[in-house]
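Just the one chain here, the form predicted alone, laid out as structure tokens.
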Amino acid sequence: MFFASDNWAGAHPNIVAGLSAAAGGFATAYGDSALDQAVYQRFNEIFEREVAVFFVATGTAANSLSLTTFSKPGGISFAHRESHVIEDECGAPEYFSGGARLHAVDGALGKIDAHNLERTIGRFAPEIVHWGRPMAVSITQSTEVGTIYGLNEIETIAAIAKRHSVPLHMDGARFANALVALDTTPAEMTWKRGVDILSFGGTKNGCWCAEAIVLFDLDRAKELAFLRKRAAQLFSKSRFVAAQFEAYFKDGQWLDTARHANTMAARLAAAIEDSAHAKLAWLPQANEVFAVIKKTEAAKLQAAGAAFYDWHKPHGFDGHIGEDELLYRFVTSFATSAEEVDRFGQLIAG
């Protein structure tokens, strides 16, 4: 019963097969092989326009380089206070950008509140040299607490960013999970709503060290190529990342695996709602489920083989957590089975 993280799941068998198929022979290095070029074209098709694609190894690299692409002296990027770029990147965005700052914006359950964003950016007049100046806005889709920005919400935030002449970045570590939950297209969830650059995640959805930066502003592509090289993220044998994405996209696998993970999360949430020993904190929208459980009961579940973590109370959560309780996070993946969800449901049912 592995619900600790979708990072715990292995590689999807089709991804492994794709890697194996690309393992032999010789191919042009540094992203110029025929396979690399074919995958770049596949990204163009998926996003319904020409995009610049840069393979990287981790989400941290994707997020940090994405923000660095728009870096400027005294620059400030605005993100939700509980976003991954603020809480979980160990200062990497600041490091790669040469000291640009991150500024926290409030909002309930992982999502930036548009009014708060407008007010916060407005505090930093770009002509005042002492304060620093707006550089970018970053949103996470789906968020760190499993919620999702609707298309209109993305458009609203993008409009604020544009009014302040800054780009909008989307951290899409769980991009596919949000996409299938909204039943929309990659184009509709990104550039058609005003997103300028995307961290496109594959690792959490069945890949192995396969992430990509998708840049919609092609004029920035040459600069980002140098930034990626300097950040040690240009792979000589990049065909092995391309091979993963080729298999990932084939026959819609990336969407199928995301749907499965989301379905398992909904199944898990239903089991928690029916439980006498746990209560659902809020309804999941993607593949992360949050529940309030007594500490002693959580310890019993973990002793019985369930892997999950306690979690901090997010901004905007007004549910009650007792002295003897904690908030816990459960994450499902392509590898989560209905059987293990049901087994967990049996454990908490009594």
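When you see a residue number, it is the position in the sequence shown, counting from 1. This one's a predicted model, so the numbers in the text were calculated from it and none came from an experiment.
Omitted here: the form predicted in complex with another copy of the chain. The next part is about that form.
Between the options Ala92, Leu109, Met264, Val166, the residue in contact with another copy of the chain in the model of the complex by a heavy atom within 4.5 angstroms is Ala92. Checked against another copy of the chain in the model of the complex, the residues Val292, Val53, Ala61, Leu301 give one hit for a heavy atom within 4.5 Å, which is Ala61.
Listed stretches are 275 to 283, 182 to 190, 255 to 263, 92 to 100; the contact stretch with another copy of the chain in the model of the complex is 92 to 100, by a heavy atom cutoff of 4.5 Å. Another copy of the chain in the model of the complex comes within 4.5 Å of a heavy atom belonging to Arg230. Taking the partner from elsewhere, Asp113 is found to have every heavy atom lying beyond 4.5 Å of another copy of the chain in the model of the complex. Not displayed here, another copy of the chain is approached by Asn7 to within 4.5 Å at the level of heavy atoms in the model of the complex. Contact annotation: Gly150 falls outside 4.5 Å of another copy of the chain in the model of the complex, judged by heavy atom distances. Interface residues of 300 to 315, taken as those with a heavy atom within 4.5 Å of another copy of the chain in the model of the complex (partner not displayed), are absent.
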